[in-house]
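Just one chain is shown here, as structure tokens, and it is the form predicted on its own.
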Amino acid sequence: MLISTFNINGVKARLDALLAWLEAASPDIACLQEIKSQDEAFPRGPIEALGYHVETHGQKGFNGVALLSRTPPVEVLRGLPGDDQDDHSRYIEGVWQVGPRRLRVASIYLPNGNPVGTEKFSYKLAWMERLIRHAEALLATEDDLVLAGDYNVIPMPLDAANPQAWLGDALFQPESRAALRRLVNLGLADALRASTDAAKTYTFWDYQAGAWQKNAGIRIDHLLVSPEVQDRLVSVGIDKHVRGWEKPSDHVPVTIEIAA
């Protein structure tokens, strides 16, 4: 089974690229972030024509997450529990029955948090605390669990071409990185780092300053997996070439393969 995460950075603007990638990669479940579309305006028709079921948690103009899957989920949760006042569409979770196993997959668009020292950074850290509490509850179910998405956190200096350039950024603050470690330390594994410790392994290249051409990237798109999934992890791949397509997202897809 193939499970992917892809911050599409506007599904309407990148629809052609999304469709081309879906046809080529053919994931069983694709987690999208930053769809920047309300639910009723999401271009589901062309995606459904490729054989995908579509579940969205949208928002006009920004944020928004979606789950595309070959078979419909048996359960869907929209919104991260823990704050009824939070109106940002940043979390959607689906459950699939795969033979005798229950597979739970979430698409996550974690807050950016910039600038540091403002309420935006406080919101990021509070959101991460809620995610930690929710993940702890999910792990207790012993379902197969994949928490996939744009985490807006650079875990280690290894995950940035130029770590010094990010020292003042919310993505690389000690508090952000510590919160991600606490999440992983619940018993999850960073699927990519469970497979390789290779440097220059990035998932995001800014549109500015020739970052793509210079390979000045960072790794902020992660798939965190439960022990039940890690035991069956076959491979992890980054579709870096997608960044070179016409009108690309600044992120690229990351895909894990897990055995049945």
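Quick caveat, the model's predicted, so the values are computed rather than measured. Residue numbers here begin at 1 and follow the sequence given.
Here the subject shifts to the form predicted together with the DNA, a form of this protein not shown in this document.
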Checking D144, D159, D150, E93 against the DNA in the predicted bound form, the residue with a non-hydrogen atom inside 4.5 angstroms turns out to be D150
The listed residue (L50, V234, A209, A199) that reaches within 4.5 Å of the DNA in the predicted bound form by any heavy atom is A209
Any chance Q173 has a heavy atom within 4.5 Å of the DNA in the predicted bound form? no
Is S4 close enough to touch the DNA in the predicted bound form, meaning at least one heavy atom pair within 4.5 Å? no
Closest heavy atom of K120 to the DNA in the predicted bound form, within 4.5 Å or not? yes
Decide whether V225 counts as a contact residue for the DNA in the predicted bound form under a heavy atom distance cut-off of 4.5 Å. no
Should the three residues G10, F204 and I218 be counted as contacting the DNA in the predicted bound form, with contact defined as a heavy atom within 4.5 Å for each? yes
Out of the stretches listed (226 to 234, 191 to 199, 24 to 32, 61 to 69), which one is close to the DNA in the predicted bound form, meaning heavy atoms within 4.5 Å? 61 to 69
Could you run down 88 to 125 and flag each residue that has a heavy atom within 4.5 Å of the DNA in the predicted bound form? R90, Y109, N112, N114, K120
